[in-house]
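This document starts with one chain, in the form predicted on its own, laid out as structure tokens.
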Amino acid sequence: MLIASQILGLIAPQWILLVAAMLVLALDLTLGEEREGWLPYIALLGLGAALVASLSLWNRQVALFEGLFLIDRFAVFFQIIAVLATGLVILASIGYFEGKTPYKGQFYALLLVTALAITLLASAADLVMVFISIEVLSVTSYTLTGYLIADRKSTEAGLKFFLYGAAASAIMLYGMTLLYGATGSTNLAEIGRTLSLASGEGSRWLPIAAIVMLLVGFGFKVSAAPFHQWAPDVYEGAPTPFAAFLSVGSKAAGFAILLRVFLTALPDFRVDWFALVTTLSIATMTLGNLIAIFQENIKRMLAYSSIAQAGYILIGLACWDPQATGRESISAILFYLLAYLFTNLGAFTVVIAVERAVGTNEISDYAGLIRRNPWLAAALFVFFLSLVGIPPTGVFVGKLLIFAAAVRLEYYALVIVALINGVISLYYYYGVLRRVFFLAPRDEAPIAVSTPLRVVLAVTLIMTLGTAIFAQPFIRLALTSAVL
């Protein structure tokens, strides 16, 4: 029996994030405008403390609160992802809201609560906990998407996000009730044990229906087709720092719970969900890449790029086989998400810098960026190389690991489709880079980059290259975390 102090230590990342969010809100109410510049750094201190607390739990494996909450390396890995993503986004958002909204402190506090929701979701071991965590994540995401209340696109994006999300959550919740009805339990491990003992064809229909409905809710979170419709409008309308967070933090949370639920509660139904996941993977990467070609707004282009990346990651889930490549395919997904975190945040950081200089996000505004800021142009070049999957970059290694898992199971068609999609993606990324390096700028004025943005660009650039050049420690980290 754990005592209260031990329990507090085990949930330290969660309560630290909660206290940090409340502290930022309280200081925002009491500090004057001349001192509110301290708020993002206070939020970063809270995130640093949460990161240390998460790392201290690396070798722990324990269930809390009657099995609702599970601490293991898988959960800790996603806690680290959540803290890193939130910290980099907070740094990138410093100065972004000047002239856009007077409510800056609330943004940092809500972002901390969003990080808290992701850590809860990664540790959720019960359908009740899964639903509560997803709803906390969703509510804060809707609010932050529509945060710029004076901006019509932002409020429209927030409303669309809410409507799509409410529908997806309702369908997902119904799927959860079907699993409860079929097994009499909401605990994921108990559901898995009960379903493994069930016999007869009739006992499979309720779980299969539940799988379809759960894929709607989880597919919405990872922006998988055909549940992706929200992403382009939300990415375009949301504050750019939060659009960056959605592309990595929210997506990582979706994959965390997708893996936890399917591999803990539904492993005996792999034959049934394999076909669904494979279809989603092919549709997602193909649709995302094809529609990205026609975008003229870089945030919408990155939205469709993010959709396509979800399709590649889904290959890893389709390749999960407990008898063959189970742990390797999951570790490939984890490595991919880590590399993608730095790559996509880096690309969005360039977008933030350009947006602050020119005021828009049209791709045409990137013409001649090499003359206006060579550092931004070079960084964008590296990030796009990584998103395509060209060495030596982190996403290249992630794709290599996922493709290797598919090849081991002889899923050659999936690999061929993914490679074709990689060629397609090269076309629209090149379209941006052609403007950056070969077209004359409309305005020759240099683009200044603030110190926080320089820090984020340096970190993301180093890690985008470092996860490939020094890949082995990160592969080992992913492999040791791929235990469910």
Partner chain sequence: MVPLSWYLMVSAALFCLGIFGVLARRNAVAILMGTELMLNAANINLVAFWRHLRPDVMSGQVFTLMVFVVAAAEAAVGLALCIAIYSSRGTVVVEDMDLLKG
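Numbering follows the first chain given and starts at 1. Given the structure is predicted, the values throughout are model-derived calculations rather than measurements.
One more form of this protein exists, namely the form predicted in complex with the partner chain; it is left out here, but the text below deals with it.
Heavy atom within 4.5 Å of the partner chain in the predicted bound form - residue from M176, V358, I390, A189: By the 4.5 Å criterion, the partner-contacting residue is M176.
Only one of G184, P322, P226, P374 has a non-hydrogen atom within 4.5 angstroms of the partner chain in the predicted bound form; which is it? Partner contact (heavy atom, 4.5 Å) among the options: G184.
What I'd like checked is whether L127, L159 and F162 together line the partner chain in the predicted bound form, meaning each has a non-hydrogen atom within 4.5 Å of it. The answer is yes; L127, L159 and F162 each reach the partner chain.
Looking at 162 to 170, 258 to 266, 407 to 415, 335 to 343, which lies within 4.5 angstroms of the partner chain in the predicted bound form, counting heavy atoms? Heavy-atom contact with the partner occurs in 162 to 170.
Please determine whether R300 contacts the partner chain in the predicted bound form, using a 4.5 Å cut-off between heavy atoms. The answer is yes: R300 has a heavy atom within 4.5 Å of the partner chain.
When the contact criterion is heavy atoms within 4.5 Å, does T286 count as touching the partner chain in the predicted bound form? The answer is no: T286 has no heavy atom within 4.5 Å of the partner chain.
Using a 4.5 angstroms cut-off on non-hydrogen atoms, would D233 count as touching the partner chain in the predicted bound form? Answer yes; at least one heavy atom of D233 falls within 4.5 Å of the partner chain in the predicted bound form.
Going by a heavy atom distance of 4.5 Å, is L290 a contact of the partner chain in the predicted bound form? No.
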